[in-house]
Every structure is written in C-alpha cells, then in structure tokens.
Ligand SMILES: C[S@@+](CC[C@H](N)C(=O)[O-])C[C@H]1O[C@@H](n2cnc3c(N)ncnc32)[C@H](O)[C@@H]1O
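What follows is one chain in structure tokens, specifically the form predicted on its own.
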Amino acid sequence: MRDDVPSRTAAWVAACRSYGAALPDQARLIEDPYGAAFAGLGGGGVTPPAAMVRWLTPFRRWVMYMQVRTRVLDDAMLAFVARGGTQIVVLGAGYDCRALRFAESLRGARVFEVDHPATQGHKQRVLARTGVTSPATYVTWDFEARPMAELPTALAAAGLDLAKPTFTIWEGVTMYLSDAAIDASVRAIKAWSPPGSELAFTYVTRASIDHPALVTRALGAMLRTAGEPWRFGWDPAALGGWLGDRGLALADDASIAEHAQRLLPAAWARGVGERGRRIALARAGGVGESIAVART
C-alpha cells in the first residue's frame, strides 16, 4: 500500500464482514454492522442499507469466506478471554471492530490495535463521523519505516503488560509480507507473548501462490492493481518446525474449507472451498490464507 492511502483490501474485508447481514440465518456466522462504512458503502451510517443487499449476490463467495474466517478468530479470542485473558493485540488491524462488536464480553480486557497511520487515521475519522467510539487503544505504526523489534516496547508504552498473557490476532496480513518481515514480526510477537499467550494468524499456502486456481488468479490480479500483491505463503507441512524455531508450538492447522464444513450447513459450506487458506493452533516452547493460533 502507498504511505498516504488507506488499505483497499482492508476496506474490502470490512465490507464483506458487514454484508453477512444479508445472508439467511442458517448461513450467518457473525454480526459486524460497522464494516460497510469503512468502504464508503454504509450510506453515512454503520448499518448496510437495504438497497445494497443486491450487491451481495455476485460476491457471496467472499462474504461467506469472511464469515468463516472471522468466526474462527472470534471464537479463539473469546475462549482466551473466558479463560481469564485480559490483553488483546490486533496486528495490522485494518478496520477490525472486535473491540466494538464484543464490547460487553471484552469489558475486563484491553484491546490494542496496531496499524499504518493512513489506515488507522481513516478508521478513526469514519467512526467519529458515525458517532461511534471504540474502546480500543490505537498504536500507530509505520511498518515500512520502523523495525518490528521496537514494537514490543511501543506496546508496553501504550499500556500492554509484557508479563501478562496476550492474545494476538494477525489476520489477513502474512501473505503481503516478505520472508524477512514475516520472521521479524513473529519474533516481535513472541517478545510480547509470555507463557499463556496465544497467536492467531491467517496465511495462504505456498502452493496457492505458486500454482493458483482460477479464482485465486483473479483475486491476485485485483490485489496487484490495488498495490497489495501476495508475496508469502507457508507449506503447511513445514509450519510446525518454522514456528518451533521461534518458540511457538503448532497444535492444529486446518483449511478455511474444513472450518466451513464444521460451522455451516453442507449446502453453504460447499461454496467456501478455500483449501489454500488455512487456520492453525500453536503453543510456545515446542518445536513447532490459514488462520493459525499459537500458544505460548
């Protein structure tokens, strides 16, 4: 993304989350009334206007995909909080609105949103226009200009207790980074993640980048046009060892398609065939787009 332009893909993700409201009850996994506003589709408010429901039809596949991806991360975060966790870091937050969507459930927790100043500034302006105040703590971070090794200190200065377990969400980010940036990011995350912490992140497989399916090629062309091409993917067979070298132990790894089969009626799950995007679970200390949850 350009330094002065908010992320276009973050706006697309926000819109897809919001338009889940147009799905029938049996296919609706999340509620996010805020997302359409960040993409300029909310008619000045935060609830998608009824006229825009027609917009959903040609993009239903992406709306369903985002329902599944978001729900898995929501469930992991809420489980962490239910076990007594009180700190959440959203890295590369985009227009994430979990601090608003789960304001009641997160009442005893602090949410720290870290993102580029252009995207974060746009988010704050949109929320101000709609009269919504997020309880999140914003940590502005220029990922191109500042080394990731400095981020743990910046988070601590913003109020993160580095001695307490933290749940980190790294959603829809890894595929845009270089190998070096991925390595630096995971090492920084580990630095603010004492025992009891968890990391949830989405990733695409290396094979889906090297040998993309037709729908992935179409998406890739759109992302390149937006200046946000995919660069990085893991081989799922190697992910456990890679995480283990950095102090995180992989506990589980499944595709978005598998989660769709678990969460949705069969007729709807068949439309979410995202096997090249995955979800995983890990713990620190072991040898060890997917969503991965890593525990320390």
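A quick note: this is a predicted structure, and the numbers were derived from the prediction, not measured. One rule holds for the numbers: they count along the sequence shown, beginning at 1.
Not on display, but discussed next: the form predicted together with the named molecule.
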| item | value |
| --- | --- |
| Partner-facing stretch of 158-166, 190-198, 103-111, 86-94, counted where any non-hydrogen atom is within 4.5 angstroms of the named molecule in the predicted complex | 86-94 |
| Residues 26, 30 and 67 all lining the named molecule in the predicted complex, heavy atom within 4.5 Å | no |
| Proximity to the named molecule in the predicted complex, single hit among 177, 209, 184, 76 (heavy atom within 4.5 Å) | 177 |
| Residue contact check: residue 13 to the named molecule in the predicted complex, 4.5 Å heavy atom | yes |
| Non-hydrogen atom contact residue 205 with the named molecule in the predicted complex at 4.5 angstroms | no |
| The named molecule contact at residue 144 in the predicted complex, heavy atom, 4.5 Å | yes |
| Residue 173: touches the named molecule in the predicted complex, heavy atom cutoff 4.5 angstroms | yes |
| Those residues of 6-20 which, in the predicted complex, come within 4.5 Å of the named molecule by heavy atom | 7, 9, 10, 13, 17 |
